[in-house]
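In structure tokens, one chain follows: the form predicted on its own.
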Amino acid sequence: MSLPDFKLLRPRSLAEAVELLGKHVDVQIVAGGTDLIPSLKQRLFIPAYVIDIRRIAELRGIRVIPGQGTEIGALTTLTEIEHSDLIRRDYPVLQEAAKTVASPILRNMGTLGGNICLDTRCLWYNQSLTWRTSCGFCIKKDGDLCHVAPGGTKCWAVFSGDTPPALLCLDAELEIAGPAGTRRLALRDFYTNLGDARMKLARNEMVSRVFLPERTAGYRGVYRKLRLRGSIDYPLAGVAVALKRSNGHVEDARVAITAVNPAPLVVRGVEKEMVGKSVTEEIAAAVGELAARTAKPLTTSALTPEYRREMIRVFAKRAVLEAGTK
């Protein structure tokens, strides 16, 4: 499949990129291109302009801000995060999640900002124009019917990024750049849980940086992912766990899930189950139950919703047990 016609714009600075976003309405941003380029070929987007931000050097790199935490540029590649000694030491759940994304070649291209802003996916959406035309399209693109939940008014396309659940466990915040300057937003407030309008990001805004607070540095982390193949594939269910322990007991605990809802979600009630206790089979099983209840998979992938929900339960239990023994 070929790309549609568009005009390519290549800003050299964040300010120039924001200016272009404000100037042009029908526009898409490309960073690594690992998600956008296939979507352009499928005619899921046919923009008049594509803004290539890869040359903006200020959006790259990982650096420590003393007394505050760690700042990661939105253009930092997943490979850089995977191989960063700082991330491996202080935020291991993020390193574990990053190394599971796709394949080494795609991680060399894919960026943290791109993984955060990943488009939601569905069997009925991620198809060629010819295929989608034959089905009468869907709510997410060009139609008014949800094939996943017929009669419903909500798009259930799932969010399938690997790093956002890890970032949620770390209380990450985003820097968002726009015409009025930059603003900070907690990642947990960034997603809408709607498949067709997934982010709280204005048309003329872009994610520029990610901040990891110093208070979550050193949390023990585990990420587990279900996919059809051992590489390349998006997650069909994913669980991130981050724990802080003291004197053999859990001082703080966070669990987040991905690929089973229109947004990555923090699992509620985990702290009540775990804080002040030692990690046991029973506690891990209880957390797995909480995670399974949070998951709302529908027929958006090749695997059944029941199987994906059960794997969330299994992965959450295993991840809690593993994090509790590290």
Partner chain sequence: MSDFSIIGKRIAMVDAAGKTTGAGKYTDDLTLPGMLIGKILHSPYPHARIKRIDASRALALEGVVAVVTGQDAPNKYGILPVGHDETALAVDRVRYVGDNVACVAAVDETTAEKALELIEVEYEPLPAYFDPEESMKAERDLIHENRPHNLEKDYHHVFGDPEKGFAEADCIRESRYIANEVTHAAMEPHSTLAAFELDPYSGALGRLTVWSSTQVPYYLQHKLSLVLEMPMSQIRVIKPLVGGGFGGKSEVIPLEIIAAVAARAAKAPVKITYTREEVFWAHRGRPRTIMDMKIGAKRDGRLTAVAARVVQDGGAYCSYGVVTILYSGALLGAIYDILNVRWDGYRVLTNKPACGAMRGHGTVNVRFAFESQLDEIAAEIALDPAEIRRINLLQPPCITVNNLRVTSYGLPECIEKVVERSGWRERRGKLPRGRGLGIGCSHYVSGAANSIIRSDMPHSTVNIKIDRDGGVVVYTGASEIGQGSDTMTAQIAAEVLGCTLQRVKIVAADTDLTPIDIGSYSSRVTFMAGNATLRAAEEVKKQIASAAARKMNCVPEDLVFRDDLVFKRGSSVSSVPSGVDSVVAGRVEGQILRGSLQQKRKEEVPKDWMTFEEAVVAAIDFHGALTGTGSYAPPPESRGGSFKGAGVGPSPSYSYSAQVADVSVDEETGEVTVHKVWAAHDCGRALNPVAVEGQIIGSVWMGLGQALEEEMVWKDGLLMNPGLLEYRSPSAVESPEIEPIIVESIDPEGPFGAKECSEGSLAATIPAIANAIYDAVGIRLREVPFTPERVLAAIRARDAAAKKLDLTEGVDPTAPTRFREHGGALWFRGKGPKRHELDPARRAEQLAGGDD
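Small disclaimer: the values here were computed from a predicted structure and weren't measured. Positions refer to the first chain, counted from 1.
Unshown form predicted in complex with the partner chain; subsequent notes refer to it.
For the three marked residues, A15, L185 and K244, no heavy atom of any sits within 4.5 Å of the partner chain in the predicted bound form. Of the candidate stretches 231 to 239, 68 to 76, 84 to 92, 210 to 218, only 231 to 239 has residues with heavy atoms within 4.5 Å of the partner chain in the predicted bound form. Put simply, V64 is far from the partner chain in the predicted bound form: not one heavy atom of it is within 4.5 Å.
Though the partner is left out of this view, G178 does not reach within 4.5 Å of the partner chain in the predicted bound form, counting heavy atoms only. In the predicted bound form, at least one heavy atom of H147 sits within 4.5 Å of a heavy atom of the partner chain. Contact annotation for L298: at least one heavy atom lies within 4.5 Å of the partner chain in the predicted bound form. Heavy atoms closer than or equal to 4.5 Å to the partner chain in the predicted bound form belong, across 289 to 326, to the residues R293, K296, P297, L298, A302, L303, T304, P305, E306, Y307, R309, E310, M311, R313, V314, F315, K317, R318, ordered by sequence position.
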